[in-house]
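Here we start with a single chain on its own, the form predicted alone, put down as structure tokens.
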């Protein structure tokens, strides 16, 4: 992020603009929404700029800008539509201490003006750092259609009521009050006019003042495989409402960005054979914050019920009589097979699929290897990279075909997803050569369906096996 977004207080402050054509008018249409004192320098202003001046909306000085003309200005716009004149006026404004924007010249501008959705006093600013103005306008058009015109009046009335709402305790109690106003009581009353909305606010405040504080609650939320678009609507809502988010190592940054900015964010990541937060410590953190009355989101990668140590954390909450709920997420196995265009089950091939872990608390995990070695079996192996040679050995020992297809999907669903197509015989060496560093899921018994074409469509990376087993893979497909 090269441009940090802020909302600048311009009430009563000076803004200077040099220029009198279409570029100047485009900026003035936006600046005139503010209560700034606007001064325009132009020897030949457009008729509309003259009309603005005659209506007292701005001060028009009919000459080119000179040294000292931008003194005490908060902002300056060079909109002369001439590179040499823009450079000259921008240099003058710099010397006078103003922040400078040169229209259509990102490199020489100290700030940029975003696209704006105006529901005064609600303002949504959209910026692309000058990279894609067309995209910014498209987003603006979409938001314009989504945000009702009544949002502005509701916000103005609510702003005047903020002092009265301070009777509620700071924090969740006030957030709950304003949420009920903006998403329920306010919209229901707005058709009756301002008096009806004020009456609804008074009634709502009385109701909230008599409410008991909400007890602490823990939501076990499945964060999915990493793509924020794969989160459930409920998961998004709970992240937005959470007081505390306790999250695992594999939760992607785009998903963490969805949490309420004021929420307490606690990383309790664990890494196989590496640094880890003790499970007892995690249990204590969850209990502590919930007992303090917080709405806690325990954010787990994939689905919280699949290899997520969920039962241990629930037992800790039950010991302290703390309420909890579970929000399912997309597990890595579902994302991985979707990435290779396959199905975990198929009529005539396998009527069941197994979800396994490559290692457990005691080391490499043991399973029913004889059953897994049968032809047509399909298994999704979590945390299986380091145990690949162990898994290979157990399966071959129990009669598995060495040419059984194996697919390893790294960073399933994420922009940097990679697919390794190999065989059971080649698995350890192929994994070593691929140097996978991200979370990976091993799919036993399935090869990618048209992997190269699928990767091209999704812009992912398919790693071909380093061994000659093309005929076996074709048969497996």
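These numbers come from a predicted model, not from an experiment. Numbering follows the first chain given and starts at 1.
The same protein also has a form predicted in complex with a small molecule, omitted here; what follows describes it.
Of the candidate stretches 378-386, 124-132, 146-154, 206-214, only 378-386 has residues with heavy atoms within 4.5 Å of the small molecule in the predicted complex. Shown alone here, residue 307 lies within 4.5 Å of the small molecule in the predicted complex, counting heavy atoms only.
By the criterion of a heavy atom within 4.5 Å, residue 445 is excluded from the residues contacting the small molecule in the predicted complex. In the predicted complex, the small molecule sits within 4.5 Å of a heavy atom belonging to residue 439.
Though the partner is left out of this view, residue 286 does not reach within 4.5 Å of the small molecule in the predicted complex, counting heavy atoms only. For the residues 353, 266, 373, 250, the 4.5 Å heavy atom test against the small molecule in the predicted complex is passed only by 250. This chain appears without its partner; in the predicted complex, the one residue of 296, 332, 299, 79 with a heavy atom within 4.5 Å of the small molecule is 332.
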